[in-house]
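Shown here is one chain on its own, the form predicted alone, set out as structure tokens.
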Amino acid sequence: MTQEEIKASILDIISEIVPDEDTSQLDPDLRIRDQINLDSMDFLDIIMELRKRYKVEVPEEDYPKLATLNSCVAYLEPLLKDK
């Protein structure tokens, strides 16, 4: 997957988890949770959806690496390069 495909996928997952939030204006360098109403259960749902869709395991100690949209892409890119 390309960086743009990964970004689009993350935004799609977020939109499914919190459908009332507008993800189109997210600043990719700011913490996602600071920009939209996303609680810890929503965040875990995103992790679970990544696992379900792409068979990606994200260890709990790596959760902080998924704080911003850009950091999500950077973290997931090597894991999804062959997807």
Partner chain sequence: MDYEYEVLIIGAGLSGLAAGIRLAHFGRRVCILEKQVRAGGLNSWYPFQGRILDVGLHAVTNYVPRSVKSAPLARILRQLRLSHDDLRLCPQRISRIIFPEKELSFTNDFQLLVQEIADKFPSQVDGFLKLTNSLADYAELSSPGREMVSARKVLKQFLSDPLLIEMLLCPIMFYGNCREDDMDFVQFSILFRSIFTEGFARPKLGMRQLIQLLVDKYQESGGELRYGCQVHKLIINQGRVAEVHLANGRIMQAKVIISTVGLPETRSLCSFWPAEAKEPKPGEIAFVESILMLDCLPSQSLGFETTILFYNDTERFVYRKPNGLIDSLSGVICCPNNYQEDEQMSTEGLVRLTHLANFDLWSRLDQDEYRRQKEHCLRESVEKAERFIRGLGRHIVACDTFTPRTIQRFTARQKGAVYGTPDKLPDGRTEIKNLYVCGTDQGLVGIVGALLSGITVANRWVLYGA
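Fair warning: this is a prediction, and the values are worked out from it, not measured in the lab. Positions refer to the first chain, counted from 1.
Quick note: we don't show the form predicted in complex with the partner chain, though the next part is all about it.
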Quick one: does residue 62 come within 4.5 Å of the partner chain in the model of the complex, counting heavy atoms only?
no
Indicate whether the partner chain has at least one heavy atom within 4.5 Å of a heavy atom of residue 52 in the model of the complex.
yes
Although the partner isn't part of this model, could you tell me whether residue 30 comes within 4.5 Å of the partner chain in the model of the complex, counting any heavy atom of the residue?
no
Can residue 34 be called a contact residue for the partner chain in the model of the complex at 4.5 Å between heavy atoms?
no
Among the candidates 11, 73, 17, 67, the residue which, in the model of the complex, approaches the partner chain to within 4.5 Å (heavy atoms):
17
Run the contact test on 56, 77 and 80 with a 4.5 Å heavy atom cut-off to the partner chain in the model of the complex and return yes or no.
no
Can you list, in sequence order, the residues from 33-70 that come within 4.5 Å of the partner chain in the model of the complex, counting heavy atoms only?
37, 39, 41, 42, 44, 45, 48, 49, 51, 52
